[in-house]
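Taking the form predicted alone, here's one chain by itself in structure tokens.
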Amino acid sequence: MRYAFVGLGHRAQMYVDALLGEWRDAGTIVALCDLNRTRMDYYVERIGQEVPCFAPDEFDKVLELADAVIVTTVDATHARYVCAALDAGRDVIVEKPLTVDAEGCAAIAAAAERSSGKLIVTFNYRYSPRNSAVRRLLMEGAIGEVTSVHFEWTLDTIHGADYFRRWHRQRASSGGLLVHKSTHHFDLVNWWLDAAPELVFAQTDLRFYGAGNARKRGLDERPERGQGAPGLGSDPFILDISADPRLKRLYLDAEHEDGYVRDQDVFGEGIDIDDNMSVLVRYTNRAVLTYSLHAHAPWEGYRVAFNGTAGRLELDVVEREWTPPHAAVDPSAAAKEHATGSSERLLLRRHWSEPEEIPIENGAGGHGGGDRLLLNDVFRGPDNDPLARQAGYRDGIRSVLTGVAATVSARTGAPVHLSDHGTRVS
């Protein structure tokens, strides 16, 4: 299989490294496409041999060389490349979210229906052993019919803050965190329940990041970016992008080409996404989800509980117990500490029975070995997976439309009804 990449930021590296390593037998990298030549040069060096490089307006030339396209561009551009590749009969592997709005969902659905190509959305959380264990237990009927789900996700001031210094801080590019980040979580619930969302109501706000909130807390004098800032090296919210060799090569050294600044101030002007979100979702099987996402917590992880007709299932995950103050100052060290204090616990509470802790069998690599399982699925196929973890365009659309509907609901104050191809306000 001949693979082409469009979008050469940091998300591309997992797939590039896979095709250079354990999955080298699955295919070769035949083309790179990005608006920034410096970033493409970084990956050419990583690949170790010359690879044709193209600008976005030359995407038709990319399609001539490839059998499959891996899309890791800015979210708002996904639909353009996905549709073009599908219309050319190419297979497509696309990072979540599939797209950022209902119009993009409709365009991709139409392209997928008329194409001979296959589309895979890489929801890596499905492959995490703890999340797979939840799916298995629910499929087996361990708690009977699920009636409600409570799902709380907290992003700490390492991970959460980073969305507010990158392009994600602008809704037009990312759809906001309810699309960019929460599609991961909405997809998990859709998959766990084997059901589709049909009604959404939400409330959201920007309470911590952004210039207005900074002024309320007396943080009036803020640098526009990390490089050259007086607080570089001491302020836990100022990213030293030069301290991480990969970030430096991909972004700082590439600024002169496209003007993209990767280390913007999280308390600066121009942020129009929210950092606190609460969502209520009703599903086609009558289950109800209460969901919250919080992007400035002192710890990172999630808690999800399922109530059923025969009991309750609880998953508690701590990915980082506390946030070291040097996290942004030295991102490489912070990354090494990501697992510090991490824990996970899956508890099955059947009616009239003592709680039972369910063992979770993790593997090597990211997300408890889940990333490796995902890559194997992507490059070698799902091999009759009983958990049906490989996600297609319908899965991607359902997760995106949940986030889109939540955004509409928060803006209008009204509940929003969904379908696979759009939304309508109730």
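This structure is a prediction, so every number in the text was calculated from the model and none was measured. A residue's number is simply how far along the shown sequence it sits, counting from 1.
Another form, the form predicted together with a small molecule, is not on view; read the next lines as being about it.
Judged by heavy atoms within 4.5 Å of the small molecule in the predicted complex, the contact stretch among the candidates 355-363, 34-42, 386-394, 62-70 is 34-42.
Contact annotation for the candidate site: 118, 191 and 398 all lie away from the small molecule in the predicted complex (no heavy atom within 4.5 Å). Although the partner is absent from this view, residue 9 contacts the small molecule in the predicted complex, with a non-hydrogen atom inside 4.5 angstroms. Contact annotation: residue 77 falls within 4.5 Å of the small molecule in the predicted complex, judged by heavy atom distances.
The small molecule in the predicted complex comes within 4.5 Å of no heavy atom belonging to residue 382. The small molecule is not drawn, but in the predicted complex it has no heavy atom within 4.5 Å of residue 145. This chain appears without its partner; in the predicted complex, the one residue of 52, 369, 56, 27 with a heavy atom within 4.5 Å of the small molecule is 56. Among 263, 95, 187, 275, the residue placing a heavy atom within 4.5 Å of the small molecule in the predicted complex is 95.
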